[in-house]
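In structure tokens, the next block holds one chain alone, the form predicted alone.
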């Protein structure tokens, strides 16, 4: 049973931000959950978590040294930790020739050439960009006219499944667009193909289909309309060289797929979609600085890991629910599902992640979370104030629905009431919740969130003795699928 509620003061207070920050840091508020842990439980984890932080940061030095690693340390894909800082330093020092500037230039060129953009990838090769797109662009983005999109293209994702009907429907739509506007930007489609090895079958098969489409419909422009993002060697790199594509971007060695959202994997399509990739990188860099310097009781990453670990070890809460509020952050949750599952789901261990969207899922999963098995820790991911001016309930002469009593009440106010009411309902029956609050839905805040969750996942792996890098279980299905198809 969970401990009885105890009066404590446990909100993680913000750490002093660096002077060059471009926005406030996200905050973590686990006080409701901590009332259900025994007093001093998190303090008892401080030494182990600080050691795990040191090991996580030392991973970078060990990786950069190039020295041979023992088997249990392989693979070591720690390059994501300092990558945002390196890109920003490269931008400051080299400006137009920096990687950031080249990504922005390529994204701008794709905007000018095409009005539809297809991003091909699976797993970490597309989930981060999808999360950015859904969080930072309107849900009806692809229905907006080009002027309303400020010249940025419609965005589609494929290559993440082998669904024949879905792929054919998208190809048909793009073909109709090309037929209606044969020589205009509005009819053109660009493709960003993302695969580190080029050997993953799902995106490779999709790339063959979309490459054929671009070559046939836009002959002579295919070298400009197709941009591969891949490793320094492999099938896609070889294909790109043979085709002579104008732009080819590299996925850095030492950064695994699920940690690659802030490399060209996410930044190139983000730039093409008109997002501010400099703010994304700055948010991640600011969070990394906080992770390095903030003391334990003010460190968002360490506190998040401490709470998750304590409830799993002490109370068997091995199901972690990321409860996203509103509708824009569901894809962020799905990205985190992959990050946690592939990093820590090894050796018959690891918590099971689950993303829900509220208030939608209060009418489906909410019952189970309220009265089902006591195996869940709920983290509310709160998006901050709305991007647009808030809608309000209107008064009406027909009040049979009895909503005039809410006339003038804004939808954000109703959402706040739902959040508070749900947390109270869980607290009343001893169900632990914590709040992870974004300062708003901006590129800077989203960069922080990505980096915070990646760092937290690695720290937890180091804490429990699981190598958070690599995904040997995923490779098994790939081998079997290829064997079933008789391919090498």
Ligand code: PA5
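Being a predicted model, the structure only gives us computed values, none of them experimental. Numbering follows the first chain given and starts at 1.
The discussion below concerns the form predicted together with 5-phosphoarabinonic acid, not included here.
Candidate stretches 122 to 130, 206 to 214, 300 to 308, 138 to 146, one within 4.5 Å of 5-phosphoarabinonic acid in the model of the complex by heavy atom: Result for this chain: 122 to 130.
The unique member of 276, 352, 197, 358 whose heavy atoms fall within 4.5 Å of 5-phosphoarabinonic acid in the model of the complex: None of the other options qualify; the answer is 197.
Of 328, 258, 369, 290, the one that lies within 4.5 Å of 5-phosphoarabinonic acid in the model of the complex (heavy atoms): Filtering the options by heavy-atom distance leaves 258.
4.5 Å heavy atom contact, residue 478 to 5-phosphoarabinonic acid in the model of the complex: Yes.
Any non-hydrogen atom of residue 342 within 4.5 angstroms of 5-phosphoarabinonic acid in the model of the complex: Residue 342: yes, in contact with 5-phosphoarabinonic acid in the model of the complex.
Heavy atom of residue 471 within 4.5 Å of 5-phosphoarabinonic acid in the model of the complex: Yes.
Contact of residue 82 with 5-phosphoarabinonic acid in the model of the complex (heavy atom, 4.5 Å): No, residue 82 is distant from the partner.
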